[in-house]
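Take a look at this one chain, the form predicted alone, written out in structure tokens.
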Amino acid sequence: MAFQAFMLHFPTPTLLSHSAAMKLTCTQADLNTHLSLVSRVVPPRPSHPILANVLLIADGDTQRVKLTGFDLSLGVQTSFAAEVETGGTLTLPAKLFGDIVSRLPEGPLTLETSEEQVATLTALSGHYQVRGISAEDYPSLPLLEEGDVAMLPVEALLEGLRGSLFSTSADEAKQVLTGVHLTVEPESMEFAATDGHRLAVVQTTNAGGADGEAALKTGFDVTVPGKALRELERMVQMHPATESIAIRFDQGQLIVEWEHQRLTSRLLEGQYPNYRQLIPRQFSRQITVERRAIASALERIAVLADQKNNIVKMMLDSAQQSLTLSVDAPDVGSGRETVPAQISGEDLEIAFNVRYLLDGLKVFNSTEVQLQCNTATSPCILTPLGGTKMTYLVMPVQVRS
């Protein structure tokens, strides 16, 4: 029923050819690369059999092959150049087809389909046949005729995703926290993500469109599923855009387009927490430390912390100007490391989940990092010095003496 309702809302597209017969030649590398991209969004347990397939469209006019994967919430579409002798459409089982293509040797491949919906894939090593399903019932990706549009700089977009995605929640019960809250203004962008224990906020510049395109006139804010943004990050890294990416949203949908790539996603509903009020404005203690030094020490001490409860204690020693990390895991062992630091404020012992600290330090792109805190039970703020404009809030863990 859900599938039928969706089909009424997003009608089936007008395809290039209703005949399943087609013939094309491409390279194994191209087919495998683009197939792996769209297959990632194909659901493992689809609500309708055709959603387990990828849609393949061969266009003789443009000499390109378009592939689409869709789970009714998240859709990915990509295309690549090929020698299309006869155009046509067909859907093929994503996992089976992908497993075959990925194992074929590098070199040219010929894909030919019959009117019985059977695709024959011929490579240097031999040939394989895969039974498909007619493309007539494959749902179309959403199209936005109207709605807000922004041209976002690629580098700023990737910077924001890298610094926020790791803080999203994996708990589907708190669905709005599984996404990244994106605020776009005419000259700036802000990415925020929290799982209730930590908060990452990244601010980047928004220079507007490239190549003379107009900059965004009014701001907007939306919450985008983390899964969709991880796929977007992967797609942009594999198929970089020139300078900017077009983002459109309306009626609960987000569409991202550049060159021959397209991603669509439903937006997350619900009020995102007012995260800005969680960030303290004043601090009584401030620590500056070399990022690699503290990250390396935490990596080593995490070996023992993982055996118990992931908790690491941190002792601020202003007299010695040092930061001591320690783990005590009864019945397993203990560890202790000291790294030099610049400390202002009184001594303090504070404890954290070691994984939360490492997650933040790994995405920082600076030589030094600054830690600011007030008490052993109030939020601690980590920021990279001279790198990305990022605020990373981590809640301490209360440890019994």
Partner chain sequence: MRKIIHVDMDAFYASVEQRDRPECRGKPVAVGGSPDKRGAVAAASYEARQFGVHSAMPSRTAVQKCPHLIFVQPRFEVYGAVSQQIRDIFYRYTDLVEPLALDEAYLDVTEQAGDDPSQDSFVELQSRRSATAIAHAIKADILAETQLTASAGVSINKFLAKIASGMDKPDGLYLIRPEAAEAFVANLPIEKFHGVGEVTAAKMHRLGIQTGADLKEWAEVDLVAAFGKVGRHYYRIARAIDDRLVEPNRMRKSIGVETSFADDVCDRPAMHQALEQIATELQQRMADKDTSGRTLTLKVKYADYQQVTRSRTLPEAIATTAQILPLATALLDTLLDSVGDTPLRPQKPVRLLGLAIANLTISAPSTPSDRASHPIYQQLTLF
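All figures in this text were calculated on a predicted structure; none of them were measured in a lab. Positions refer to the first chain, counted from 1.
In what follows, reference is made to the form predicted together with the partner chain, a form of this protein that is not presented.
In summary, among the residues P186, P330, G270, P105, the only one with a non-hydrogen atom within 4.5 Å of the partner chain in the model of the complex is P330. Contact with the partner chain in the model of the complex, defined as any heavy atom within 4.5 Å, is confined among 81 to 89, 252 to 260, 198 to 206, 130 to 138 to 198 to 206. Heavy atoms of K174 reach within 4.5 Å of the partner chain in the model of the complex, making it an interface residue. In the model of the complex, the partner chain lies farther than 4.5 Å from every heavy atom of L144. Within 4.5 Å of any heavy atom of the partner chain in the model of the complex lies no heavy atom of F364. Taking the partner from elsewhere, T194 is found to have a heavy atom lying within 4.5 Å of the partner chain in the model of the complex.
In the model of the complex, the partner chain lies within 4.5 angstroms of at least one heavy atom of each of the following residues of 347 to 366: N353, Y356, in sequence order.
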